[in-house]
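Subsequent text provides structure tokens for two forms of one protein chain, presented individually as structure 1 and structure 2.
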Structure 1
């Protein structure tokens, strides 16, 4: 059996009914969007949110853009490098798509780069925070990155904690051995050191490790004030549970990504209390509608209400990120008058819209990425059953509470 399969289904929404994959010929002109996503496996939390975001974006355009029907070709990459490469190859060599959205996870996106280079379609990447990916796409005009780079997960928390508790505090770092953890480690060291912290321990754990206690016990001996965990999804579940059970007594816990996800909270229960992270999106923020395109980019509260009604749950980061990224792509296709990828790329670069993620405008980065949007992040802490924004001060609605 092939490492991926077509996912054939119709999504019937309030405005349209069109979310298709397969090789069926249609008389009506179509815009075909390849969507290689993590629909099963370790990173299914990313892929499932990505699929919802795509569905909402197709509905916002009533299934049609520039007189063409939107056809999304979903591929399950199974959260593996091989699956990512196979899906990318199929979409580009067999399906000949000119537009891609996904994957999300850093390692899987990086694994897909060589396959992407064979045809270089317009590629929207609403994920992949690893700076190794930024290096890989330096100078590539057809890659549009819509996710904060890894340093955003460290500059905010480091500066916020230094402001709250003073300099000279001790920091321990635990990181996973895959592309994600290794790529975040240099930035974590750099930004916590620059903020005035002392790095007293750096411990490596294997991805998907069932037992992180040996590394945690080594960290306990250094008596840190802050523990920074550089890992994703299931590894974040394991480390949070084992820290809680071991009663390490570390007052400040920082996760590079996982503390923002409700699925992580559901998995770890009371062990979620006190964790800190940086986020680019959080439901409930007062973000206004775009004045020119209020139907596509409504006020955040209205979009969140529509999402909650459709899925019976609040949207999370990737839901919002993929919706916004797809909607910007569809708008650029509409403004370009069709599916010529060079014209669409030009329209994307010229976009300046207000979205639920903030200002949607692509700019170059110092690291060489040609098209970057949504790099601003703010810091939150889980305090009991609440999420409190603690940084920057202009946006905060509470203060840090060390774990007792």
Structure 2
């Protein structure tokens, strides 16, 4: 009897051992995703949205993909080039990750390219609209870019305005002297000229300038029909307020990206009225769920409701963009059956899903990017409290209203 008990204990012990070992083995099956993001510093707004998008995506997969636990290795790049390089080097050389998401800001992503080249992991880039980045990653099959290129901010509004108001109108451009404004300027000039507009003034302002009125007063003298502002949201707030106060009498105001953000609207109040911009995502649009993966890619209203419930705020562009990008990566890992980056890359290229950002399908671009998704943008105008989609016609729910 005693021997039996002893044997029973031995067996139980062995089983427990097996269970624990199995547990450890199971815990060791981890997919590690490196996420170098702007968690502090001047682009913290991008990084915090990116972090929320990632959290939502991990939750959508209940933290597991293809039987592997998803482990996100967040690294703060402090919104600096040096921080981006250090974080990438740490993730690639020390952590040996095969998958990366981020950073978001163009300059920081470009700074991270040489570090990425050391091992060339699969890199999802949900931002970086600068064409210099498109040139830098031309022909690179392991880079997956999931945001429209910078020219999208100009082709859409230029064509839409030409269709609505005819050709030959006068355009003035005000741009900030940082990388953002300078990188957008040639594209804005090119696409407005090609759409039949005449560029009558180009005025430069310093980033974080306290007074943009001199530039605005010089623009007033040229009597433009359209004013295009190429700057980040921080300067977009100041310029919108100062344009409103200066009573320039320009009927059409176009912003590079900032007019889509609710934070900008809250900051400028009634000065937001009439501004036009191109957007890749806007909360409140009627976008259906993906028929095959409705839990991962739900209808926009359901995803936005879940987001609002979790974070007590409406999602913004980067929340949605990083969620969609990460969810597509996780789905590709799932379909590849694990973390082999070549197989995951192949699955990503084969994906075709309906997402809150539009059709999630990677295609090459004429500029040389091998894997590009979500390059389509639509044009909106803020009309009082409403946002009206004015272009393309197939998607529009209203018409341009010039500012009185």
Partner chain sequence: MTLLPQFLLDALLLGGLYCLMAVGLALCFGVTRIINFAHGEMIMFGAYGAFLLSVHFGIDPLLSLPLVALGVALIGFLVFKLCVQRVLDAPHVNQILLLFGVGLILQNIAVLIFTGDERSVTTAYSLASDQFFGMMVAYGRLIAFAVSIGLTVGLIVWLRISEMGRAIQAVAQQRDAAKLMGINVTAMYMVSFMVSAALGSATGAAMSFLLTITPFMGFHILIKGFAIVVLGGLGSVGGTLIAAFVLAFVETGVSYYVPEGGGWAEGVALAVLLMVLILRPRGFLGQAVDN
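Remember, predicted model here, so these are calculated numbers, not experimental data. Numbering follows the first chain given and starts at 1.
**Q** Would you check which of the pair is the form predicted on its own?
**A** It is the first structure that is the form predicted on its own.
**Q** Which of these, 375, 134, 121, 170, is right at the hinge when one rigid part of the chain swings relative to another between structure 1 and structure 2?
**A** For the motion described, the hinge option is 375.
**Q** In whole degrees, what is the angle of rotation of the smaller rigid part relative to the larger one between structure 1 and structure 2?
**A** Rotation between the two rigid parts between structure 1 and structure 2 amounts to 10 degrees.
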